[in-house]
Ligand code: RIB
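The chain below stands alone and is given as structure tokens, in the form predicted alone.
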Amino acid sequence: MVARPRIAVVGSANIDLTTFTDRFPKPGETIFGQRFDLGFGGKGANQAAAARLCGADVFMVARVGSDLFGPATIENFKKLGIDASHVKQVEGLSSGVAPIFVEPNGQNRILVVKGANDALKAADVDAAAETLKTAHCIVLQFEIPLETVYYTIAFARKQGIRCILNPAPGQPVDMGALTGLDYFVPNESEAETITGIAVRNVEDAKKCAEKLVAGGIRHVIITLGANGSLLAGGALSEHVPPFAVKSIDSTGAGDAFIGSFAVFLAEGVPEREAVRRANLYAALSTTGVGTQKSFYDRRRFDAEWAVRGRN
């Protein structure tokens, strides 16, 4: 068991521009939104924030733009206590941004402009290699070039470091590059994009996970939103139930799951229980507005787990 895990996140950093609206406009139509929120986001940065708030030492490998969002993003990492020594500005590129539209029921739609995230290359992973080698877990997403993702997975495999890949946003992948990957964690739509199997329920998720495991991935977790998650690996395929909460904004819930799961697993929590804890951590994140701002710190989470985790 690791008392204080070291989590490395190689991935994206964005600015989230969140608009709350009663409905989405029709083509050519302009309507009034209800309110607006600006915050720090990006799947990589969100997962790093969740891991840090859960008590891990976290360092980020990322690229930001030469605009006003770049220095602010780096400063935000520092305020969170995340090591940003491998987060660099790229001249001539914008920072990544994510306009987010949220309906009254908490459902969201997101458009990501990658900007400087696309400038994160294999050479940048090499430049951070000595730091990466000290990690108990490396976390990746698909908001950076796939070539960089594959390179980092190979690096983790060579160094014997646990690696978690969140294939978001979903897109076709080279399954051969994922052989031996420790954890592959898509949501329903991402799993369908990658496997071609529609995930409408738990049974569909099981079929999808079986295909991914047969392709050489060691463990698959398909997050199912309000329906919990599906854990599969080897002969195992198990639905892990959700926790009921009053959700107001689901933005970043998947990132909350990934970041917290990495920490719980590195702490030595058994796999299924780590998934259960991550289910609760993700659910709690939907009770607040935004991404990083809605994540619980470890003290608040442990208090919730002490009550809910016994059931």
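Heads up: residue numbers just count along the shown sequence, starting at 1. Owing to the predicted nature of the structure, the values given are computational and were not obtained by experimental measurement.
The next section is about a form of this same protein that is not shown, the form predicted together with the ligand.
When contacts are judged by a 4.5 Å heavy atom cut-off, E143 counts as touching the ligand in the model of the complex. Contact annotation for G259: none of its heavy atoms lies within 4.5 Å of the ligand in the model of the complex. Mapping the unseen interface onto this chain, V112 counts among the residues with a heavy atom inside 4.5 Å of the ligand in the model of the complex. The ligand is not drawn, but in the model of the complex it has no heavy atom within 4.5 Å of S285. Checked against the ligand in the model of the complex, the candidates V149, I194, I222, I100 yield a single residue with a heavy atom inside 4.5 Å, and that residue is I100. Look at 241-249, 23-31, 55-63, 39-47: in the model of the complex, residues with non-hydrogen atoms within 4.5 angstroms of the ligand sit in 39-47.
Residues of 263-291 placing a heavy atom within 4.5 Å of the ligand in the model of the complex: T291 alone.
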